[in-house]
Structure formats: C-alpha cells, structure tokens
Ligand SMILES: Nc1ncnc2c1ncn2[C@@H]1O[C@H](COP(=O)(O)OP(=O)(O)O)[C@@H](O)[C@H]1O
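First comes one chain, alone, set out as structure tokens in the form predicted on its own.
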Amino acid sequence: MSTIAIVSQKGGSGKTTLAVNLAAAAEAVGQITLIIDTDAQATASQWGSWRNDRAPEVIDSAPPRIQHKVEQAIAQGATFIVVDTPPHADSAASRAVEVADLVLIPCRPSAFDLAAIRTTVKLIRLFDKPAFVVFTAGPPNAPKIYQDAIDLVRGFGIEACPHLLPDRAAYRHASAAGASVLEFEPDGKATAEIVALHMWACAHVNMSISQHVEV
C-alpha cells in the first residue's frame, strides 16, 4: 500500500502530469490505483473524464477530506494512491503530506523554479516525511544543468530523485487524448522514464515502511 503526494507551491511544475502518469504506471503492473485531485482547477479530474471510466480512477477532494478519502480508498482495496495538489495552497499540501508515505516535488531545473521549492521543503520538514525533488520538463540531454540543480536542492536539505522526466511531446499528446504516455507511446522514452520512476517510488515506500516498523 502506497500513498504518494505530489506537492509544489509553484504553478507549472508538472504536478498533474506526474500524478496521472505515475498512477497509470502503477495500474499497468496490477496495482489498484486511485488519483485524488485536490486542485480547484480539476485538471486531473478532467483527464479522468476524457478516459470514459478507464482506470486509474480519479476523484476530487476538498483538503479537509483527504485523510477520509485515503482511508476509504484503502478500505475498498486501493493499493496505490496519488494525491495531486494545487499550487499556493498550504492547506491542501499539508493534508496531502500528512497522509503520504512518500512526497514527490516536481520542479523544472531553472533558477526561479528551484528557488521556489524552498517553501515546499519547509512544509514537508514539519511532517518528517521522506521526500525527493523530481526534475521535470527540462532538456533531455543537459547533464550539467541537472547536476547543478541537484547540488542546489541538496543545499536546501533535500535529495533529488535519480530519475528525470525531461520535456517530451508525448506527455502533451497523451494528455490531450485522455491517455497516459504508457498508452500513447508504449515503447517511447517518456514511458521508460515514468516506469522507472514508479519502480523507484515503490522501492522507497517499502523501505520507509520497513524502517518505521523496525523502529
């Protein structure tokens, strides 16, 4: 059982793109998956409606109801829950982080975006949850840019996920078709990247839960 919160206080970081594709990757390997959309813009919910009831299911939730929705989903058999949050909404982000087993912070590798994640990092520290920055929408081949970004976020006291989600047209085309990149371009680079990220996230959740049980 995994609950992943996608949190960033900055708009345009790729939260919903990460949320829906991560959930689709979980669904593809047989996990019973749910996306909880807490954003008033309801972008994930719109994506879900375009899918005509194909999994993963997307439901909306007001911030105070996130905990209840997660508990309800678990009781009904959900094994992988992704909580998509709005920007500039501390209440939704706080509630999502509180229920999460793992927090992912999508961030473009640019100076303004990197500076903006400090607020998100401070919020996550309040709950002492495992969290990682996921670099999104950057150039596919720019190792120096990503290494500089990794070094910078380490200075903020947080590590970066080793799996990047660079800017790829497949994400835009898939979303417009109400699909995930796994469905739109099964053998594409975007699919390989999101599948690797999903496997890494599951491994980190299992490790975190094991450490908690040992303690």
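Start at 1 with the first residue shown and count on from there. What you see is a predicted model; the values in this text were computed from it and never measured.
Separately, the form predicted in complex with this ligand exists; it is not shown, and the next lines address it.
Within this chain, Tyr171 lines the site of this ligand in the predicted complex, having a heavy atom no more than 4.5 Å away. At the 4.5 Å threshold, heavy atoms of Glu57 stay clear of this ligand in the predicted complex, well away from it. Although the partner is absent here, Glu159 is not a contact residue: none of its heavy atoms lies within 4.5 angstroms of this ligand in the predicted complex. The shortest heavy atom separation between Lys10 and this ligand in the predicted complex is within 4.5 Å.
Residues of just one listed stretch (27-35, 46-54, 171-179, 66-74) have heavy atoms within 4.5 Å of this ligand in the predicted complex: 171-179. Distance criterion of 4.5 Å from any heavy atom to this ligand in the predicted complex singles out Ala137 from the list Ala137, Ala131, Ala116, Val99.
Contacts of stretch 100-120 with this ligand in the predicted complex, defined by any heavy atom lying within 4.5 Å, are made by Arg108 alone.
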